[in-house]
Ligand code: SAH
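Take a look at this single chain, the form predicted alone, given in structure tokens.
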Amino acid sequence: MPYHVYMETFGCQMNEYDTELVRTLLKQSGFAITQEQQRADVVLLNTCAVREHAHSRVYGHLAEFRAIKRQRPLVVGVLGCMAQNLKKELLDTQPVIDVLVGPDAYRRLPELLTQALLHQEKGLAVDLSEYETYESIVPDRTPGVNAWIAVMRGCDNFCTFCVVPYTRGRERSRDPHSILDEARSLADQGYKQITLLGQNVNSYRYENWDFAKLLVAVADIPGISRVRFTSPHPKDFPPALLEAVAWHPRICRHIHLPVQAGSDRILALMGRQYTKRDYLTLVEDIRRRGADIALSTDIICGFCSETEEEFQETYRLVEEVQFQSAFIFKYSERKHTIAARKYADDVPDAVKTDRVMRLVELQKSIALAKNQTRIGQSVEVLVEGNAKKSDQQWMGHTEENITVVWEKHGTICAPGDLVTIRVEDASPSTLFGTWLPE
């Protein structure tokens, strides 16, 4: 009988993609994947090192596994960014962990698990690689409409708040031909939307290929309805990429453009390599190419020494840009980052929380107003599946990445279809509508 492995993933789409890679590697070595934790011989947590909430959830699970291990044999593995960044802390304080594997060492995981299962040996593999891209590994994906492809790994930007360069290493790009082969295979399997992933996709380089050329090549593959990408960096956004978003019919008219802060002093402390004026000029350039291109962003509130006036600069930037959506977080210090070594985390937590709440309320009002302008209009939606709150409703997204929900009754469509929905109502995050027959 094969050993059964249960996996749980925390964090970003790149972590989800890595979990798919790990499933392939385990299956190739004879392991079985289970969705039932209680019947697993091995539990693996694929972790995120970016957000404090993800850290807390992982530590909570490890406490649960300690109790389970008192009752039955169980091998516990921690994978990914926490394993890489906090290896010493985890080894010193979490004896429940049997295997610790970083993002560049997944090929060693089957061997380490086997040694832990058969010989109760602890396993550690946290070396960073200059070359590993896993391009020969076909991810074990869940069937559906959406698929991710990692086109590069690592990051060379070293933003002072960010741990990614220390957990995923330096930038290296995949062979574009392997990416295109993977995308064609996905189209043949019926996936309709592909998202190209990288810590900074703008930096993709492989021989004479840049990211704009790669993006267009993927979008040209027959059978693919939509192509998205995340995340770019505002410091080096090439015009060719903007042009591709503006004119290609299958590249979604949506750009995720992390700003992080609206104060030049804070941006400099963060090591972001652009000013507020640089960012706003880029926004103007995007809007000049297509006023309907939706922008989303990431914002950190309460970075080291941020004053109220500097926060107000961020607030005013959000008012000016009018993002479609924003991911807004309190600053949480990450071990081993430049900020942790150089700056004091001196903004009180209550102040950070207050700033997040004010910014969230502003963004909700902006998103609601933008969505309400769509009432009475028709939007094209990629059907993805059941709505979260009811299996009597369909759910999908516009190419601007706005969620749309409509009743199944009287609707003729299926996941993967592109359909027309007339918008009847709107909330800050969702459009509600009625299916229109072709």
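In this text, residue numbers run from 1 along the sequence as written. In this text the structure is predicted, and so the values were computed from the model without any measurement.
This protein has a second form, the form predicted together with the ligand, left out of what is shown; the following refers to that one.
Interface membership of residue 199, defined by any non-hydrogen atom within 4.5 Å of the ligand in the predicted complex, is confirmed.
With a 4.5 Å cutoff on heavy atoms, residue 298 counts as touching the ligand in the predicted complex. Using a 4.5 angstroms threshold between heavy atoms, residue 176 stays clear of the ligand in the predicted complex. Under a 4.5 angstroms non-hydrogen atom cutoff, the ligand in the predicted complex lacks residue 87 among its neighbouring residues. The contact residue chosen from 254, 153, 334, 355 relative to the ligand in the predicted complex is 334, the criterion being a non-hydrogen atom within 4.5 angstroms. Taking 211, 148, 311, 161 one by one, only a single residue has any non-hydrogen atom within 4.5 Å of the ligand in the predicted complex, and it is 161.
Only one segment in the set 218 to 226, 120 to 128, 256 to 264, 239 to 247 has any non-hydrogen atom within 4.5 angstroms of the ligand in the predicted complex, and it is 256 to 264. Each of 51, 231 and 272 is positioned with at least one heavy atom within 4.5 Å of the ligand in the predicted complex.
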